[in-house]
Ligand code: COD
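Take a look at this one chain, the form predicted on its own, written out in structure tokens.
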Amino acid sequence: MVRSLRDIVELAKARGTKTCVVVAAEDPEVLLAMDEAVTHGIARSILIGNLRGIEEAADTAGVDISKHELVEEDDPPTAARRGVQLVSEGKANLVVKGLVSTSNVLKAVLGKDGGLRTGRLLSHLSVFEMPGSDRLVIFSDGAMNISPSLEEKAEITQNAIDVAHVLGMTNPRVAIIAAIEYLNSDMPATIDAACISKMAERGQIKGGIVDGPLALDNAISPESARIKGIRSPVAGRADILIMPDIEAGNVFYKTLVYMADGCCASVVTGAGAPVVLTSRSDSHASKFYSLALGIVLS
């Protein structure tokens, strides 16, 4: 089982070199992360975009552009469609977002012609490494599904469990997060959490031990779970945290990054291939680890 983000890089090396297609690749930070992935031998790269812009971004980043295949396409939405088409045709293994809007990338991914539809819900997840911790924690969904329904939360949970399996977590402990750890009819997240737990118990969600509602403290802290008298195979030891909505997930993500020095790898799952949607404000390390995670999942 992987226990650090560096372990994900080593797992990517064991999978062999994969081809990553960067759409609208005129982004120095993305190019730097992509170049690092190439240097580590885990990736080959196809850079689609305005060639002058890519060359200028490479100069800014100090990247030797000769190590990367270039495809000219000045229009970012068209670059996204061309990149997704390459993956759909088996000529690349995953899609990486450059200087193009997330909506344009997802529109290309979900396109009926040449897209990567699978019939599954797409969801965003992050794999976090915290200073002083000896393990990774996965959480979802902090960047994509705004206010997921009960059925969508169940799919988000299954997507996260499937990723955990790839990372060597054979039977991950999944906490369905709410503000409190007991049912309250005025708090719909607690009702959804209880339903998802029952769904897992009946085999509708497979491959993990699922419990909720659990508050964040008693999901990750054994001491908090003990003080509150919570008896659960998940409480205090959660490997996966499923957030109730995008506000909770996004605030949690940014709190870990900006106030706790956390580092993460993030990816969109549920499509026919991984989609790496990094933010411009993400660190270089986060972009590189996200590429490594996408390569592992491809």
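Each residue number is its position in the shown sequence, starting from 1. These figures come from a predicted structure and were not determined experimentally.
Unshown form predicted together with the named molecule; subsequent notes refer to it.
S.K.: I need the one stretch from 160 to 168, 224 to 232, 116 to 124, 74 to 82 whose residues put non-hydrogen atoms within 4.5 angstroms of the named molecule in the predicted complex.
M.R.: Of the options given, it is 116 to 124.
S.K.: Does every residue of M34, I42 and S45 put a non-hydrogen atom within 4.5 angstroms of the named molecule in the predicted complex?
M.R.: Per the other structure, none of M34, I42 and S45 touch the named molecule.
S.K.: Would N250 count as touching the named molecule in the predicted complex under a 4.5 Å heavy atom rule?
M.R.: Contact with the named molecule, yes.
S.K.: I246 versus the named molecule, in the predicted complex: is there a non-hydrogen atom within 4.5 Å?
M.R.: Contact check for I246: yes, within 4.5 Å of the named molecule in the predicted complex.
S.K.: With the partner left out here, check for me: in the predicted complex, does some heavy atom of N145 sit within 4.5 Å of the named molecule?
M.R.: Looking in the predicted complex, residue contacts with the named molecule include N145, since a heavy atom lies within 4.5 Å.
S.K.: At 4.5 Å between heavy atoms, is L110 in contact with the named molecule in the predicted complex?
M.R.: Residue-level check for L110: yes, a contact with the named molecule.
S.K.: Would you kindly say which of V100, A200, L106, I138 lies with a heavy atom within 4.5 Å of the named molecule in the predicted complex?
M.R.: Exactly one listed residue reaches within 4.5 Å, namely L106.
S.K.: Taking the named molecule as it sits in the predicted complex, which residues of 29 to 66 have a non-hydrogen atom within 4.5 Å of it? Please list them.
M.R.: Sequence-ordered list is empty.
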